[in-house]
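Quick heads-up: it's one chain on its own, the form predicted alone, in structure tokens.
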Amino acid sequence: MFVTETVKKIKSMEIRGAGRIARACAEALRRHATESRAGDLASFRREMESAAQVLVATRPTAVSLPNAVHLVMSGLEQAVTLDEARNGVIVRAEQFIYSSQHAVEKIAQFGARHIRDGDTILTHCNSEAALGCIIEAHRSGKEIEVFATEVRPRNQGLVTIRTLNDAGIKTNFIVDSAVRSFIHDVDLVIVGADAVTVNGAVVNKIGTSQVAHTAAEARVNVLVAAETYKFAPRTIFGELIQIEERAGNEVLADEISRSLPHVTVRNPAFDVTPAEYIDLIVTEAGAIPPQMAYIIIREYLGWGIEEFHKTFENPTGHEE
């Protein structure tokens, strides 16, 4: 039941943001393991794998989700009894939630060091990690100003400006298409990420690529704030990250769409920013150039080659 509720909340964007989604899925698996009435190890394993697959399919672009599921489900690997399996999942879920929450704090500390006193910062969408960097810089006594985009069509920028306002940070709210008009007033761009590929490209909210391209043209540095679990292991084998396309009624009301039979609304939720437009990726493990993304995948996510192959067929990492 809790897994179904979590899926609904993620699909409706009641739960939004890659980090929040990952923690919600870890908690759903923890609750599912706790409440499971499976009578033996095999039944419990099948039940947990089924729940994991449902969660992974919820948001195809956010690789934090399969990474979180992989880490939690690894608690089943060495289990030889039902109790060991149940405890393994619960402990891994609690560890992931704890480390995820504290990852943002570490990223904020690292990222704030790259913000100078007097800087004007542009941010796009609503990222815990990116906002953490900005707020930490403000807390340290640096005088900063922010430009925050509206982020159509879901208007996540409203959440961002409320957070910045509550922190006492001077903020300018602009429509997405105004970025180029203000880019020369900006010293630094800081955005979050839903996924980071092996070659350092970043998948983030639609419009991020345009922001980064504009910043590159204006010679403004771009920092991406991303937890290590947002790095995409399967891109090592050339797998492309699926870009989610959401319902057209987020852009155009159904009654208007029905009056325009020759018009199709296209509503991709994310785009891909090439590595050459990114100066640094700030993680809880430290700040790296995008070309070092593979190191994060190998050293911090703990994916082995054999696990990559399993994941292509089964996102839980277990054989059928």
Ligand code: RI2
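All of these numbers come straight from a predicted model, not from anything done at the bench. Throughout, we count residues from 1 along the sequence that is shown.
There is another form of the same protein, the form predicted together with the named molecule; it is not shown, and what comes next is about it.
Interface residue remark: Ile297 is not counted as part of the site for the named molecule in the model of the complex, having no heavy atom within 4.5 Å. Within this chain, Gly192 lines the site of the named molecule in the model of the complex, having a heavy atom no more than 4.5 Å away. Interface membership of Ala18, defined by any non-hydrogen atom within 4.5 Å of the named molecule in the model of the complex, is confirmed. In the model of the complex, at least one heavy atom of Asn204 sits within 4.5 Å of the named molecule. Residue Asn126 is the only one of Thr235, Asn126, Thr214, Thr228 with a heavy atom lying within 4.5 Å of the named molecule in the model of the complex. The partner is not drawn, yet in the model of the complex one stretch among 89 to 97, 181 to 189, 75 to 83, 126 to 134 has residues with heavy atoms inside 4.5 Å of the named molecule: 126 to 134. Contacts between stretch 133 to 156 and the named molecule, counted in the model of the complex as any heavy atom lying within 4.5 Å, involve Gln156 alone.
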